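Read the single chain below, which is given as structure tokens and is the form predicted on its own.
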């Protein structure tokens, strides 16, 4: 066993404090993430055919590698953009961060409460009122009724739906449902907000309101935005990541990453 001198002990303690200090500044740490899916190539009609295929070594599926060793960190208060072509692995990555998918390999460390907004209206029940759906979504995000009581007025005010909250959701227009779902996500008091291609919601006035909100977030809340809009990347993001074929192809300032993205199409 190594014997520590007083000076060595103090230096080691300093290093430990510095490392923990750095960890406290990190909202999300992703290390060596892999994810694949099994895609069926043929159907086995009946148990007999399935056993025959197994004995013959016929798998009946192929494995699609979607993420291939993704690693990055997101600092607290950072607005990170994730871009890439369709099928590059962006949405799969967000679903792993949101604990919808489990990775094959690798680790994800989340420091704080994460609020995902990946598919509009997921978790809504059309037979419940707007008010009831706010509390239902809050419960799905892990908030208590008391916490939702504190958020409720702000959510409704942002959605501009106060007079409709006691009506059943099935009577809402699609635009009203989008506004409510979006407002729950961005006004819920989470530490980390995860968004998948959802900035163009509602009418022009509501979009402008959302743009103003995102501009106000810098340094105040951690945001991860997956988008195909290079304008939004340069307008809102502090840093960006380009994913291509399941790997990080470029990372850095928004302008650098948008140029790399555009080169994929040239």
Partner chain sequence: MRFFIFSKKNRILLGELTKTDFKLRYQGSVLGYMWAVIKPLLMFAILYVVFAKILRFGNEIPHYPVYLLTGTVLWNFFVECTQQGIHSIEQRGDLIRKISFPKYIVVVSATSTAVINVAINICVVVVFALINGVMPSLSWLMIVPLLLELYLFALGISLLLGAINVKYRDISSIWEVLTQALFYAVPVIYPLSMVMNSSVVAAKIIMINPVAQVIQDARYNLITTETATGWGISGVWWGLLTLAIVLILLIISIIFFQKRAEHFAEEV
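Positions refer to the first chain, counted from 1. Note that the structure is a prediction, hence the values are computed from the model and not measured.
There is another form of this protein, the form predicted together with its partner chain, and it is not shown here; the text below is about that form.
Visitor: Can we say 99, 145 and 168 each have a non-hydrogen atom within 4.5 Å of its partner chain in the predicted bound form?
Guide: Every listed residue reaches its partner chain in the predicted bound form, so yes.
Visitor: Quick check for you: of 151-159, 182-190, 124-132, 77-85, which stretch puts a non-hydrogen atom within 4.5 Å of its partner chain in the predicted bound form?
Guide: Of the options, only 124-132 has residues within 4.5 Å of the partner.
Visitor: Between 136, 110, 195, 176, only one gets a heavy atom within 4.5 angstroms of its partner chain in the predicted bound form; which residue is that?
Guide: After the contact test, the surviving option is 136.
Visitor: With a 4.5 Å heavy atom cut-off, would you call residue 239 a contact of its partner chain in the predicted bound form?
Guide: Taking the distances in the predicted bound form, the answer for residue 239 is no, it never comes within 4.5 Å of its partner chain.
Visitor: Please tell me whether any heavy atom belonging to residue 37 falls inside 4.5 Å of a heavy atom of its partner chain, as the geometry stands in the predicted bound form.
Guide: Yes, contact at 4.5 Å.
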